[in-house]
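For this one, two forms of the same chain are given in structure tokens, first as structure 1 and then as structure 2.
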Structure 1
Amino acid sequence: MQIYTLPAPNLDPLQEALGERYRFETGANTLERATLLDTFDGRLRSAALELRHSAQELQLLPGRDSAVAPRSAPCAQPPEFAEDLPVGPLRDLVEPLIEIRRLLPVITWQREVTSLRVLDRRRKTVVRGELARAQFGGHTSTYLEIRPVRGYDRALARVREALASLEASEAETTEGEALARATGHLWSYDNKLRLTLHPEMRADLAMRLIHLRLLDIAEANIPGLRRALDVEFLHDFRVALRKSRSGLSQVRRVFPEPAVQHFKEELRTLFRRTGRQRDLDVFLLSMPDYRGALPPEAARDLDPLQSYLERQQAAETKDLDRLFRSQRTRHTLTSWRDYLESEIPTRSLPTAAQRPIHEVARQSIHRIWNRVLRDGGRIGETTEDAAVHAVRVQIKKLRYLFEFFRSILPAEAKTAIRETKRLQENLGRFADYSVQQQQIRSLASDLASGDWSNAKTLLAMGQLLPQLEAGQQYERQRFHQTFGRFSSAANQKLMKGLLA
């Protein structure tokens, strides 16, 4: 299948270019409304796919360079989450891409669609296709979709030649994306920093750019988290705040200390106020795994727990909405932006403010790198969980620094970044098992003291603890392997070269 953007609103110029050997024959004409669906972070667009809902049908259409074949399935209403997708090949492809994110309408447009065939002189169908006139926001485009018929490659080539002679371009993007882009409705959210810093840039200017980008990411997620569209809005918001706090702590003597302490505390307060909601989100996301770890009868006993968590989550969502409507929160974010966008002072600057960012970056990375090597090397079989968690915090800070300064580090840094990521993931799973055990014990206490305590539910929750403890122990054992790779002589030699 190929899609072309036609310069004319009809097929007359194309028919003239084809000559008398081939003729177009049009068929049924339909008028429909189509809705382009994608996640807030554009996961389907990144995969060169368009998910379109129209006329009670869901269509998955590939972009120009996609190797995916078109797929369709009956679907009465636009789906919101992966579990709403019709079971079948379309879902099998889309579900791993969108994961837990909600499908949101990007645009809804009118489509006038005419089926067509290209006939040869014997009135044999040699090419099939569809002519679509799309209208949205005062913008109209005409698209021709052509599909080959087996055994008629020469006819298909002739149609392509005729299209080329008319300067009809093969569509660079899908129909919905083209309309959204042309009318300014295409989302541009990205949770990556994607900054290109100059190595000799002043450190205070570079860090302002980094913090401003993180603030943009945080604020872009506020409407979605207030509406509880999906759990990733709050997650991305909190990660952006955590990175900002880490940058203020680890890249030192770049901003005045009073400002650093003030904004660290303000961001820390906001971060903590959103923690309860995130804990509930993570627990509910883990419920399918918890159920799968129990016998079917015991898995059903977790139903009261899920209902309890969902009620708590709904209450927290309302509290979050109030939090982000509050004057305190608005002032925190506004004052932080005002500070970052304010004129850089030329006097009374901190000692590292005017130094080149590559010097400050290397010193910051070197300090945390050595701390991880020292503290991680002390972890043994009997080391308390708190010490393991402390190493996790340090490795996370190191990962953030790599992310901040990736554009000014040599290409060889990707090896060290990869080992850092592997160690962080190992310690992250260790922490998840630890937190889940704490949450289950705490929730069991809450349920046991409530008016509707259920003995079977408490027993099922108790059955989960040994499995979580075993998972945590497994990750502790894996730590020695992952830390061994991280602290290997080869990796240390590489880091010394990077940070020289």
Structure 2
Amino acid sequence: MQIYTLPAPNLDPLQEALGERYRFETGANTLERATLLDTFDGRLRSAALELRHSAQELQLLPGRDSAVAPRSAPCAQPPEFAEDLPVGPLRDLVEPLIEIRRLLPVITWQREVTSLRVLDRRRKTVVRGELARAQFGGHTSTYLEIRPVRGYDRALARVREALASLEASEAETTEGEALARATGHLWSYDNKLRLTLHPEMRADLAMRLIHLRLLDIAEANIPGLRRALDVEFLHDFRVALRKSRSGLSQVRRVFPEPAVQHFKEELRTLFRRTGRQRDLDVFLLSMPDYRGALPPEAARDLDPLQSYLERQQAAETKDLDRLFRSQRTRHTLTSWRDYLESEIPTRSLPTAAQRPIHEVARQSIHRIWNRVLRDGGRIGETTEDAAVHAVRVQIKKLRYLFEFFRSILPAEAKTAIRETKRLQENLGRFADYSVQQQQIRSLASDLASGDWSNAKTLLAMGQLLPQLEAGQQYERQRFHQTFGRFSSAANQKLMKGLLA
């Protein structure tokens, strides 16, 4: 597929340039409203795809650099989630990209469309296309979309030649994206830090940059999480908050201690107050897995649990909206931003404030690295689970530091980062299994004390526990292996070199 922009919606010269051999046929002229759909973090655009709903049809269009063939299928309403997509190959392509994220309308625009085809002497279609005059936000463009028909390359070449005479230029992007870009409606949300620091930068300045970026990420998610558009808004918000808390406590003597204590406490409160919603989200996301782990009748017995959780979730969403409307929350966020953007004091600075960030970074990583090595090494077969959890928390902090300082670490850090990630994922699953068991136990007592459930539901929930316990034990067994790799002589040597 190729898209050209034309100076005017006039195809006469094209008709002429095509000559005798091919005939040009235009179809009906129609008006339609098209909607460009994408997730908040622009996953389709990142994959060079445009998902467009118009006139009861859903189209997946490849961008200029995409090898995907265009696909379209009937679809009455703009889809919101993957499960609303028409079944078949179109969904098979889109679902793994958007996962659980909601498809949001980026822009909705008017199109005046004429379909066209080039026919050969036997009236066989040899090139297909579409001429569209697109209008949005005072912006008008004319696009000609050309779709080759396999095996008729000569005709395609002729059409391309003819297009040259129309002063057509190949468009950089798909129509919807071009319009959204031209009118400033394109999102640019990314939950990764992607900061490039200068190694000699003052540590306090560098940390302000990092915290500001994290605050931007957190705040970008607030409108979406308040409306519970999908569960990733809240998740990204909380992760950004947690990273900032971790930065405040792990990169030491950069900010004055009273400020550190104050904001750590503020962020912690906000984090805690959004925790219940996140727990419900995670539990509901796991429900299909839980059902899958039970025999079919028992799986159906989980229905009352599902409704109970959905009720809770709806109530929690309201509370969350209230939380973010409150003075207190707004004050937390604005005062944190004010602090980060305030002028840097010149006197009575903490000891690390003016040191180059690469030194401070190395020191911070070193400290937590040593701690993980020490505490992880102490874990044996009989150690309490609590100790494993403690190591998990340390590992997470280490990973955040790696993320903060990625741009000032040497490239060889990659292997160490990868082993850390592996270990964190292992322990993350270990923790998930443990949290899920606790949740099931506490939900069971909630249910038993209300009039929500019956014995069957509780029994079905009970059947999940040994399976979750088995999962947790499995991850715990694996810990010895992943930790072995993490603490291998080679990895230790590498880290020593990096942190020297």
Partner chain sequence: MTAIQKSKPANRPPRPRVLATYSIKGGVGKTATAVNLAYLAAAQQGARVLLWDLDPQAASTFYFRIKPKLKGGVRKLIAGGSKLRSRIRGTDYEGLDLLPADFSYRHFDLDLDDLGKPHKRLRKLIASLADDYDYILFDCAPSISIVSESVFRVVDTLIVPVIPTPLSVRTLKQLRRHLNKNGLSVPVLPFYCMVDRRKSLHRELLSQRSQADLEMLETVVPYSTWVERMGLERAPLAEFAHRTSAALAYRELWWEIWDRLQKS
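Model, not experiment: these values are computed from the prediction. Between two forms, the rigid core is defined as the largest C-alpha subset superposing within 1.5 Å. Numbers follow structure 1, counted from its first residue as 1.
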The form predicted together with the partner chain? Structure 2
Verify the C-alpha shift of residue 27 between structure 1 and structure 2: is it 2 Å or more after superposing the core? yes
Given a core-based superposition, decide whether the C-alpha of residue 183 shifts by 2 Å or more between structure 1 and structure 2. no
Align on the rigid core first; then say whether the Cα of residue 98 has moved by at least 2 Å between structure 1 and structure 2. no
Upon rigid core superposition, what is the positional shift of the Cα of residue 158 between structure 1 and structure 2, expressed in Å to one decimal? 3.5
